[in-house]
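Consider the single chain below, provided in structure tokens and representing the form predicted alone.
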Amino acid sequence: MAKILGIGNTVLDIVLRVPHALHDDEELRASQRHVQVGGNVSNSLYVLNQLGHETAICTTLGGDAEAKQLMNGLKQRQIDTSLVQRFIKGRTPTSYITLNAENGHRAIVHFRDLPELSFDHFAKTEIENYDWLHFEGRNIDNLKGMLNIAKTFLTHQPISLEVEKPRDGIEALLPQANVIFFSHHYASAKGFENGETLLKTMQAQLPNSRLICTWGAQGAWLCEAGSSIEHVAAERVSPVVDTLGAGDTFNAAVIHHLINGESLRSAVQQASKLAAQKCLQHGLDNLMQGAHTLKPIANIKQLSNAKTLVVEAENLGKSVVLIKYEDGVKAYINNCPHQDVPLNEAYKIDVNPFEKTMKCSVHDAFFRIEDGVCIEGPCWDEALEAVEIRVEDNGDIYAV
């Protein structure tokens, strides 16, 4: 186990799960809303905790109610908050995130009205007590002094730096880090076609650093100090459930495996696997509890508009009712809201393809296939619980 200090932003994420990407002038209803701790560094520290390390964060928080939520969330993640810099004025940084149910991708809108971490606050930190320092590549004016202190006072502890976006002056700070994570967003903004071309340029400027550039489905490029550039293919992920935090998971896993003495290539390979595993689940909780590989619950060839198919969804731990509806598939938890019994408790679920209804076998409640609302029977106007599903090109259906 290592003691790891992360320096960067902490953000309140408000995640809305939507059926598809939002278009201009479109009004869209979210199926789920979730509020959680966010921010690149805090996410990476949470993953590192799950990998068995002791972590602390150096960040800023305000004095509003949202800041209390973040502080409680960090403590629940078992991240040491003793180095947090508090401000009375300013609002908690917030990210409004739409999570696309079609492909697991996300769009993010940030709001920030809070001072950045100050150099003076960081300078009081006893950084020599930590085994690894990980910086987020932002707050450039103060980051320069922070990296100088770290480089001056640390004797053997590695310093890693995440370069997610192009920021004025950040290139001058790169030689201060031992391990540098470049994102494809940064590389693309700088005019590079892939991670290899970026690292060729950076390698000449940073001959003593370990360099990594991730590029989504194209995989990752890496080079040890003084060695040739290598490529690691991306892990196949199907279905993609949630990409939010995958990059932070990757960074954490690389740090973990380097701490354990593995080569950079091995660390990147293992990190790619963990990042892929993260994409198969919502959020970062319980990331280490075995593989989260989803299994299809059915294939669309098994379905029709005239009858239901009842299957078990292992990842949900529940029985699910599937039926074709127009050009798609509808899925509901197999539970009647009248008396909390399966719809097929007495016999099969009757379907009226003309009225487009399903009937509970116990007390004859009729539910619209379209939205699961009861339109006749003892639980009138109540609704079946919908299940988010994804249908792959080969017809496999996943409950997500």
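Keep in mind that what you see is a predicted model, and the values were worked out from it rather than measured. Numbering starts at 1 and runs along the sequence shown.
Separately, the form predicted together with beta-D-fructofuranose exists; it is not shown, and the next lines address it.
With the partner left out here, beta-D-fructofuranose still marks one of 106-114, 218-226, 174-182, 67-75 in the predicted bound form; by a 4.5 Å heavy atom cut-off that stretch is 106-114.
Although the partner is absent here, N100 lies well away from beta-D-fructofuranose in the predicted bound form, with no heavy atom inside 4.5 Å. Contact check for T55: every heavy atom lies farther than 4.5 Å from beta-D-fructofuranose in the predicted bound form. By the criterion of a heavy atom within 4.5 Å, N334 is excluded from the residues contacting beta-D-fructofuranose in the predicted bound form.
Contact between K307 and beta-D-fructofuranose in the predicted bound form is not found at the 4.5 Å heavy atom cutoff.
Out of the listed residues A275, A267, V321, L244, L244 is the one that sits within 4.5 Å of beta-D-fructofuranose in the predicted bound form by at least one heavy atom.
Of the candidates S95, S238, Q85, N315, S95 is the one whose heavy atoms come within 4.5 Å of beta-D-fructofuranose in the predicted bound form; the others do not.
Contact annotation for 248-271: a single residue, D248, has a non-hydrogen atom within 4.5 angstroms of beta-D-fructofuranose in the predicted bound form.
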